[in-house]
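This document starts with one chain, in the form predicted alone, laid out as structure tokens.
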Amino acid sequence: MNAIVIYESLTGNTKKAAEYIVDELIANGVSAVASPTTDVDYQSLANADLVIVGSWTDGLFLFGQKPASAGRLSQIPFLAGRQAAVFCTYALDTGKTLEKLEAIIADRGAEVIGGMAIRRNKLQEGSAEFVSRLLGVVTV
């Protein structure tokens, strides 16, 4: 199986999470690469059976949370026939960030099979748990 992790990062936390996710996927026998939204690896995307998209949680502390750079995320190439999963990193609360991110990716034509919020002070542990859950439901 081939996977690509496409991420939007501001301070580096979501990039680190994406890299941990790639490491976990590789450790589980999945070929995987990480790619920022600003420079998507289109060849890896074309070869991917699984597309994982991540963003940091933007908005105010207790309301208005959303995926960062939703406009850029909505420009990811069309994903018809692909399984996808989403994740977000956060400090205090995610609000409806995951649901909004799922909707963006579903609008790109992907079958969204799940998502998870990863707290920024537990990136490695959260990434490992996300991959474990994901590999339990992904089909190839």
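Quick note: we count residues from 1 along the sequence shown, nothing fancier. Here the structure is a predicted model, which means the values were calculated and not measured.
Another form exists, predicted in complex with a small molecule; not displayed. Remarks below refer to it.
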Q | Answer range among 29-37, 87-95, 71-79, 103-111 for contact with the small molecule, defined in the predicted bound form as heavy atoms within 4.5 Å | A | 87-95
Q: Answer yes if any heavy atom of Q124 is within 4.5 Å of a heavy atom of the small molecule in the predicted bound form; otherwise answer no.
A: no
Q: Consider S132 of the chain shown here, and say whether it contacts the small molecule in the predicted bound form, taking contact as heavy atoms within 4.5 Å.
A: no
Q.
M116 versus the small molecule, in the predicted bound form: is there a non-hydrogen atom within 4.5 Å?
A. no
Q. For L10, is any heavy atom within 4.5 Å of the small molecule in the predicted bound form, or not?
A. yes
Q: Only one of D58, E99, D41, D49 comes within 4.5 Å of the small molecule in the predicted bound form by heavy atoms, so just point that one out.
A: D58
